[in-house]
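The chain that follows stands alone, in the form predicted on its own, written as structure tokens.
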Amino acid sequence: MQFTAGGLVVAGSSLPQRLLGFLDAVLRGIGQVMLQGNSYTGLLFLAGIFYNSVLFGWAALLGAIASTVTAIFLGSDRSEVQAGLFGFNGALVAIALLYFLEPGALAWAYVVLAAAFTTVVMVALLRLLGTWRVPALTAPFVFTTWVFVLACARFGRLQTTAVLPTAGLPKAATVEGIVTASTVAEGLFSGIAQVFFQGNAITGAIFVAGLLVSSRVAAGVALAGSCAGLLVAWGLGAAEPAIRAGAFGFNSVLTAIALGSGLFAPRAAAAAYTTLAVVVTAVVFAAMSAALEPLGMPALTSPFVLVTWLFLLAGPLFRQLRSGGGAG
């Protein structure tokens, strides 16, 4: 057994070694929610979730375990399993379902089923998107959550909570509340916490610490992404409670990490391209929220997925973003 920058690497076939290797994969999976394949980062993320909610902490752990076990049982690529590529969507689905459903024995079983399903969706998308070299990101989580929450309308023993958006036609927004310094400070860290559905600024600060363990660049762009989402929402007149809660920040956080961690040639054009994507993500979040309101469905991380896919697909065609491009 040896330690690496990303966590534990366990060699050998004894039961304790296999268990440590499995734990490492599960924690990396939780870290991969913010694109960090680092088990120490995953452990801090888990600690941050438990700080805000014991229920969601156990949900994240169970979801990551269920999706990882499914990948192992079905014979997925071992390196991908160990990197945590099958754990993060399961962790997010588990939190989301227990955020929108009343907890109970049947709900927990429903969570395990959904987490296992994310593994199949993940592999299908890896195959489908591999042609264009585009990652699946959190698309399996989004698709699975929408399906499993919508299905509750036909399952009488699964009760939704009051936090699930009420279905109805979109209404015109009005400027609500006054944005203060405390709104900005709380919203900045809550925007990062909301990646895991945690509306808690201290949890967001713990998440930043987890990102710092893995990458200072990732931590920096995550904070910048949350700030950008907050400023867009403020500038365009979003409600103060939503800004304070970080509702407009978490998708921008993920977009910033995905595009701002060295994917493109390091020049001004790449920074501008990433900034454009991060800002647009906040607008797409508002659009997706309005579009899904008639169904009573949340946007989740669909804005991050859609914007990141579009910008990744377009990037190679922009000369200034390629390593061989002209001066930036």
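One-based numbering along the sequence shown. Since this is a predicted model, take the numbers as computed values, not measurements.
Missing here is the form predicted in complex with a further copy of the same chain; even so, the following discussion is about that form.
Distance criterion of 4.5 Å from any heavy atom to a further copy of the same chain in the predicted complex singles out Ala238 from the list Leu137, Val195, Ala238, Val208. With the partner omitted here, the stretch from 22-30, 293-301, 35-43, 50-58 that lies within 4.5 Å of a further copy of the same chain by heavy atoms in the predicted complex is 293-301. With a 4.5 Å cutoff on heavy atoms, Leu263 does not count as touching a further copy of the same chain in the predicted complex; it lies far away. For Ala233, a non-hydrogen atom is located within 4.5 Å of a further copy of the same chain in the predicted complex, even though that partner is not displayed. Shown alone here, Ser215 lies farther than 4.5 Å from a further copy of the same chain in the predicted complex, counting heavy atoms only. Taking the partner from the other structure, a further copy of the same chain in the predicted complex has a heavy atom within 4.5 Å of a heavy atom of Leu317.
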